Each structure stands twice: as C-alpha cells, then as structure tokens.
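Structure 1 and structure 2 below are two forms of the same protein chain, each written out on its own as structure tokens.
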Structure 1
Amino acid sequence: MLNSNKLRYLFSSDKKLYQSVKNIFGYYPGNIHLYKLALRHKSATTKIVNGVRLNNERLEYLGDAILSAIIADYLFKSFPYENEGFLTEMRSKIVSRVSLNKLSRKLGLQYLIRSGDPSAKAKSAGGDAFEALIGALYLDKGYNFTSKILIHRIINIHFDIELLIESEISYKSKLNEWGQKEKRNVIFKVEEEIGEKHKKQYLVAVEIDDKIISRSQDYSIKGAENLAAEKAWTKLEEEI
C-alpha cells in the first residue's frame, strides 16, 4: 500500500526536484521544502513571514559555514604535512565565488533556480544556491551525511585538487604574461593589512595601466595576489 508520503511524491509538482536532487547528490531528499527554499533566489522573494524574507539567504548563511567546516576537515586530513596557511588557501580556492559559480553551472543549477531577475542567473546566484543546498542537506540529513555526500559526490568528482594546488601561481603569471604580450603595465599592490595579528589578511589590488581592476584579500600576500589576479582575469575575458 502506498503511504501518504509516497502518494504525495508521485503526484507532486516537486517530482522534478526530487529527481534533480537525486541526480546531483545521489539521494532522495526527505523534506523537499528545504530544497525548494534553497533554490529561491532573493530576487524571487514573494513573501515576508514575521520579518523573514522567504528566499535562500538564511540557508546560504548556514550552508556557507557547513561547507567551510567540511572542506576544512577534508583538507586537514588529506594534507597531514601541510601548515595551516596552505590549508586556508586551498579552502578559499574551493569555496571562492568563482569556483562555486563554475560548480553550479556544471551541476545545472541554473535550470532549477527560481529567480525574479534574469541577470541573477549569470551572476553569483549559482554559487549562492549551491551553498543554500548544502544548508538544506545539512538540516535534512545531518553533518556526517552531508560530509560524505559532499566529498564523494562533489569534491572527488568535480574538483581536481592537484590542479588547484598548481593554480596558486597560474593566474598571476597568466596576467603578467598577458601584460608583457599586450604591452600593458600590470602591478600588484598590497593596499592594506586587515584584522588582528594571528588572523591578519592582506588586501591586494591589481592595477593595469594605473587603473585598479580588482581587489582581493587572503591570509597570505601570495594568496591575495592570486585571487585578485583571478578576478582581473575573469574581467578581461568578459571584455574580450
């Protein structure tokens, strides 16, 4: 005999979403409402309940933290002989906006996100929705399950860790090579040291012909330079 949950599923307009979650993460969701909320971009907010906007921002806040913790653990155990500076840098590469937006496109989240602003899909709505989905998964199934899914279905499949380690230098050198070829003056400037001693971050700007193109911060100058270079590179690619 079919129970009411199964009936609800079979005749539900959410059937597509059940299937999508299964395709992406490898399991059927328990509470489908969490996943629906995770895919609702703030531009598609239709209701405000007791002062809370019904969109994915709260879940994104939660998912962002859970994602960081799981990746921190994963890297801690994967690299027993690396210092915390390396681990911090590697994590920021994995969870950077650029990286999560790319991931969300690979996962096809653009077809699932509800958005009231057509341009939002092209911006960081994808990465945000991915984080919100992690928040939903965590509330639905708990930390250990989320960790297993994230590592086996996402990190191991969609990230090339060896490549990420190398990518440390590649954007900065890419940008410098481009500057030499195009006779443009590319400069990296440390503008600011932010935060307290042990957690100090560096704010680095990329200037091309004396015009600031991008800024980024990180726990090392090298890391910040590279993140800023990556941003600048993305901008240049868009312009070309």
Structure 2
Amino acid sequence: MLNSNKLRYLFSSDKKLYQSVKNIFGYYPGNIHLYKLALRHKSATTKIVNGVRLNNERLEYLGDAILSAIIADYLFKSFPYENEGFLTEMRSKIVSRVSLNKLSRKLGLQYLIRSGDPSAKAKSAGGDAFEALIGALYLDKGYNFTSKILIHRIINIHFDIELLIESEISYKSKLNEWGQKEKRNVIFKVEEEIGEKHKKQYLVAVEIDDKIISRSQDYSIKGAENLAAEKAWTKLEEEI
C-alpha cells in the first residue's frame, strides 16, 4: 500500500526533487516546499514575504545547529573515553565547510541548487545547501528521524571515521603560514565568552591587517579558532 508521501510524489510536478531526496536520504519528503527552499541560493532570492527573503539562508542557519548537535551526540557516544578536545576536533572535521562542500558534490547537489549566480555553485553553495536540507529535514520529520538519517545515510556511508581520526586539519596553522609568507598580520582574538561552566562557548574573531575577516564560536577556544580560521581561509581562496 502506498503511503501519502509516495502518492504526492506520483502526482507532483516536482517528481525530480522528490526522487532526488529519496535517492540521497532514503525517504520521500512530506513538505516538498521546504526542500525547494533549501536548494534556493541567496543569489536566486525571489521576493520578500513579511520582511523575510525567500532563499535558503534561514534553513542553513537551522540546519547548521541541528547538524552540529547530532554529530556531537554521535561522537560522544561513539568515543566514550575521549576528551573534549578530541570530540571538538572530530566534529570540526566532519562539519567543516571543505568537508560539506565535498560531500555535497558526492551527493550531486550542484545539479539541484537554484542559483542566480553560476559562480556560486563553485564556492560554498553546496555545503550551505546541505545544511539547509538538514534544516528542511528537521522541520519535515523531526529531530529523531533526522538523527537516524544523518548517521545511517550520511556518516556511515560517506565518512571514514578512522581516516578522519588520523587526518590533521589545522586551518589556524595554514592561515598563520599564509600570513608569514604574504607578510600579512593575522591575529586571533577571543571577543566574548557565552554561557557558563560546561555550557560556555567562546566567540573568536580572525583579523587580517586589523580587519575582521571572520567569526566563529565553539565550546573550546581551539575549536572556535580553527572554525574561524576555516571561514577566513575559504574567503581567501575565493578571492585568489
């Protein structure tokens, strides 16, 4: 017997998107409009409704938080004897912009993104769209369903955890090396401590020649520095 989502797919004008979501995540969407919005890059913004621009930026924001929480929970349970520093670094490796952009290409998201700027797809649009899809999945199916899909359909299939443990990605080191080579002044500055005790997060800014290039926050200064450095590095790569 066909379920309601499969019936929507059969009689929908968005069959391609329904089938794409099914191929990637293993299920037919309930609210297809969430997924269409998740794949609309800001360069393809259509109109403003009640002051909200119709693109994937809000869903990206939500998906980023959901993705980070699920990965943190997964790592916490998978590595019960590792310390906070190890868990933070592993999470950073999985959810880094470079990692998510690479994942999006494996999933074929570049063929699904709606963009008003052809060059956007070659930058970080893929990783942004993946986070937005996680936001759409969460709103459509809830946290528990999203967690199961992420772990079984994404992490277990597309990530080699053992290889990630052995790999070392320090964007802070890369940024400092670049600064020395180019004779640019790179500074990492802790701007704010948010929360208390075990819930405390650190907001870190990267300054290049006294200009703030990026900001990020995490549960450790090291993690926040590397996330902010990654954002700064991505911007520099786009400008080169």
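Start at 1 and count along the sequence of structure 1; that gives the residue numbers used here. Note that the coordinates shown come from a computational prediction; the quantities given were computed from them, not determined experimentally. Here, rigid core means the biggest group of C-alpha atoms that superpose within 1.5 Å across both forms.
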Out of structure 1 and structure 2, where do we see the form predicted together with a further copy of the same chain? 1
Aligned on the rigid core, do the two forms place the Cα of Val206 2 Å or more apart, comparing between the two structures? yes
Once you line up the core, how about Ser220: does its CA shift reach 2 Å between the two structures? yes
Hey, does Lys36 budge by 2 Å or more at the Cα between the two structures once the core is superposed? no
